[in-house]
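First, one chain by itself in structure tokens, the form predicted on its own.
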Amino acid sequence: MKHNRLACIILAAGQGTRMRSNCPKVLTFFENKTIIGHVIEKAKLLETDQVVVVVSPSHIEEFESKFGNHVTFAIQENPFGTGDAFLAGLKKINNDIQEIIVLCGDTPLIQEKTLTDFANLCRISNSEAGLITSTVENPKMYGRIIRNSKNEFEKIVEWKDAKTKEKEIKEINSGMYFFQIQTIKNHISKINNNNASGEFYLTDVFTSIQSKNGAICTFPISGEEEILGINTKKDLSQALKISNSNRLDSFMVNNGVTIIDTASTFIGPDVTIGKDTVVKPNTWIEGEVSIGENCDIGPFVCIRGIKDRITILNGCTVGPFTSLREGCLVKDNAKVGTFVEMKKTQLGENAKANHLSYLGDSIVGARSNIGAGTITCNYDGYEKHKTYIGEDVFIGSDTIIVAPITINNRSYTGAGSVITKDVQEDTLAVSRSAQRNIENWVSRYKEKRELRRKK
């Protein structure tokens, strides 16, 4: 829908003391970005012409270092309430802006579709102002929506100012608004701080607009999830659970992924998973991770593509008790098994590392088998070195491979070997001392031990 020039003001000047943190509340990380980073992203998806973030003077440098020139900053010099914060943001709005949408910096779960539908409803209804509301079972300390006998919006009453009966109302204010800019400019100066908090409430502009018969649009949404404000670490945990739960639902419903136990599974927002893949309990997947179709992941698996992408192709098995770190590529039908850790390693088609191994900075060819207890020694104390293992190679159990090294196609290593030199094709590499069997040694040893004990 074509619209007038739109700006977004994000209120983020609160001190966030209830978080009990040295980090400003909205700069706390939430999944793959900061809390306010999610809000800024949603604001930009609305095709806004300007985004203004209102911050406190004590935090402006941290905000600027995070977001640079991507947004405009306004400073609320003193904590005089949402009305005062909004006014600080309004002063930074460009002259050609015609509409303003107001968001809260601590609500990362708000959805783009909700905001788009809200703004469009305000435009279609030719409203001068609008607000998102929700009806919840436990309204807590949210502002209450007061309606008249015709169920029309009348005003917003903040929780501290609400009477007992008003506190029983379950329709709440989200703190997210829409204004025609000329309307808000006409009314923002009329609000006062004659209330229980001694602050300037932005919500009072709706009463002022109503007094002039201005059209106000309410946009009800279901539940509290999208408008949940993060004020404490407990709120943060709750929001993370909601976000993860919604994402897992989407994987199951829209992608055809089987997730055995959603309560013990975390999958990050940058992860993609193909259909018919099964994710088993106690699995953690985050960062840039791509998993193909028909894979078997878990249980007790950690896949973290934080620094570099991890790609798992089709038909692979990963787990149980497996750790995949950045930069791994697991090709079709390969298996990474129990207590195996891989980092910056490529495992070829139908290759197997079944158990108890570490593969770092390695390339393993198709159909090769990595025996139990295999370790690639990739770090010399100064630099990382590469291990190249060809196709159809059999690495014997308890092999230590000292990089840089190449083990060529169809080669074997003997169990318990330390491999320090390149191995040519079709070759068995063995590096261990000859075994000696000393007969009757155990009996003699026990006799000596017994004599020492008696003395």
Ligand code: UD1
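Residue numbers run from 1 along the displayed sequence. Predicted model only: the values in this text are computed from it and were never measured. The term rigid core refers to the most C-alpha atoms you can superpose between the two forms while keeping them within 1.5 Å.
Below, we turn to the form predicted together with this ligand, even though it does not appear here.
Distance criterion of 4.5 Å from any heavy atom to this ligand in the model of the complex singles out 173 from the list 362, 357, 173, 127.
With respect to this ligand in the model of the complex, the three residues 143, 156 and 201 uniformly fall within 4.5 angstroms at the level of their nearest heavy atom. Residue 24 falls outside the set of residues with a heavy atom inside 4.5 Å of this ligand in the model of the complex. In the model of the complex, residue 118 stays away from this ligand, with no heavy atom inside 4.5 Å.
Heavy atoms of residue 268 never reach within 4.5 Å of this ligand in the model of the complex, leaving it off the interface. At least one heavy atom of residue 105 is located within 4.5 Å of this ligand in the model of the complex. In plain terms, the part of the chain that comes close to this ligand in the model of the complex, with a heavy atom within 4.5 Å, is 105-113 out of 379-387, 105-113, 289-297, 304-312. Residues 11, 12, 13, 14, 18, 25 are the members of 7-32 with a non-hydrogen atom no more than 4.5 angstroms from this ligand in the model of the complex. The two forms, fitted on the rigid core, differ between this form and the one not shown by less than 2 Å at the CA of residue 341. Once both forms are fitted on their rigid core, the CA atom of residue 192 lies 2 Å or more apart between this form and the one not shown.
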